[in-house]
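Okay, here we've got a single chain as structure tokens, the form predicted on its own, with questions on binding and movement later.
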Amino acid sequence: MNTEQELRSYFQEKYSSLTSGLNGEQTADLSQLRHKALDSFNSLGFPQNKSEEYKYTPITKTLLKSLRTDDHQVMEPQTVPPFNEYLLPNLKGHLVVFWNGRLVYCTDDLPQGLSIEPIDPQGNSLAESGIGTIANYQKDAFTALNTALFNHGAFIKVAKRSVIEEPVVLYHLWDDRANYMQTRHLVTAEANSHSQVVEIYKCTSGTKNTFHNSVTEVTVGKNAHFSYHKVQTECGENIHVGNTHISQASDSTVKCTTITTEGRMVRNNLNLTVDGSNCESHMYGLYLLHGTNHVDNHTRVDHRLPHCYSNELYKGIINDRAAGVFNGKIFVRQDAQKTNAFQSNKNLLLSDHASMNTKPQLEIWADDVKCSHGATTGQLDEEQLFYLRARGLDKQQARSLLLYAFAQETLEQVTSPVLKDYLDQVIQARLIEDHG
């Protein structure tokens, strides 16, 4: 493919193939939603060079060069590949496994108060009634594309006053047969509940480019506590666009952590709508990039009502010819008085060829608030290196220790001890590989 129009036409053909393959079996509401989303996608198109939201992330150019014209091999629904070897050992939880974009396993032994249903292309699940209520397919081309083409996903519901001790773990696994994947998730955490969701992305074999476009919509009820961890550590040549949209009701608490150490081009969009008073919102991110990795984190926090608190900290370590992008936006509406909102982005560049583009933003219409934002990009502190070397460490050991300490602040936010230990090992191994 040579032009954006050809790329758009490619996915329009996939839409026609999907809808014809359903033989009219999808519900009328879902059929109408898909059609509207396709119209939005055709109107928006893939982002061009002048698109402000993708100014430093040439996603369209990368897709034109990388997307294969051969489609991935369609697996029979009853075929379940041997995926156990790719799961994190000792990470207990309620498992949902996707292979090449298709749901292949879902835990059936669930505690009281937790339900997990598959989202299917026909719209037979109750989940479809909530799809598209938070993620706006009229404003983002990739959300529109996913809404038109999604074929598998999970609907996770936590009932009122339920405390779910173990996390729901969504594994996204793929191999060389995958060309593009469109997954859709819907999470409802009802009032006074406690729950957490972990999404893990992992390439199991091969080096071919794969495009994964995912959308996750989360509704957090009144006085609910919800944690969300997104882990992208073994993504190979994956091109990933992820849109996560979270809506908070009054007195709720949300904590989000995004860890990325691999991926050819990754774009993570995290959008929080604080649609209640007395809410807490915490967002943490860590990206360790090397080679020619490109990772772009876009966040958006929309404070609409008073007496809320949000805190955001994203950190990056960038080596070789890798590139990082951070764009964080905080909106404080006129009714959101007494809002405290803080945002920080800190980066270390370890190579003359590494690059970082950062743009923290505040838009405030209220007059009784405490808000701040800031960004730093630099190199390791030579005085700290000298201090450690003076105490017996060699140069590489001193560098690795300082880099590990820099990353540790984000890891401390991971609530699962097993997941935290895994990420700790991944980060230490990366630091030894790149600097040892």
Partner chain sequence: MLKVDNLRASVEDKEILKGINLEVKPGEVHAIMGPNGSGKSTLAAVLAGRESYEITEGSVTFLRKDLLEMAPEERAREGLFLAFQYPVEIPGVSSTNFLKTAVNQIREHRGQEPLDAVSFLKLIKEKMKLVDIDQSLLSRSLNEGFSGGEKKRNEIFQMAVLEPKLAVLDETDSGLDIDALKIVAHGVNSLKNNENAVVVVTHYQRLLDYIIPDYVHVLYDGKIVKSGTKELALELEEKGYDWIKEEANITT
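Positions refer to the first chain, counted from 1. Just so we're clear, the structure is a prediction, and the values are computed from it rather than from any experiment.
One more form of this protein should be noted, the form predicted together with its partner chain, which is absent from this view; the next part is about it.
Think of it this way: in the predicted complex, its partner chain has a heavy atom of just one of L67, L380, L388, C371 within 4.5 Å, and the residue is L388. Checking L411, L33, L44, L401 for any heavy atom within 4.5 Å of its partner chain in the predicted complex turns up a single hit: L401. Using a 4.5 angstroms limit between non-hydrogen atoms, A405 touches its partner chain in the predicted complex. In the predicted complex, its partner chain stays beyond 4.5 Å of every heavy atom belonging to N49. Although the partner is absent here, L393 lies within 4.5 Å of its partner chain in the predicted complex, judged by heavy atoms.
Its partner chain in the predicted complex is approached by Q397, whose closest heavy atom lies within 4.5 angstroms of it. With its partner chain left out of view, the stretch that reaches within 4.5 Å of it through heavy atoms in the predicted complex is, among 380-388, 54-62, 363-371, 23-31, 380-388.
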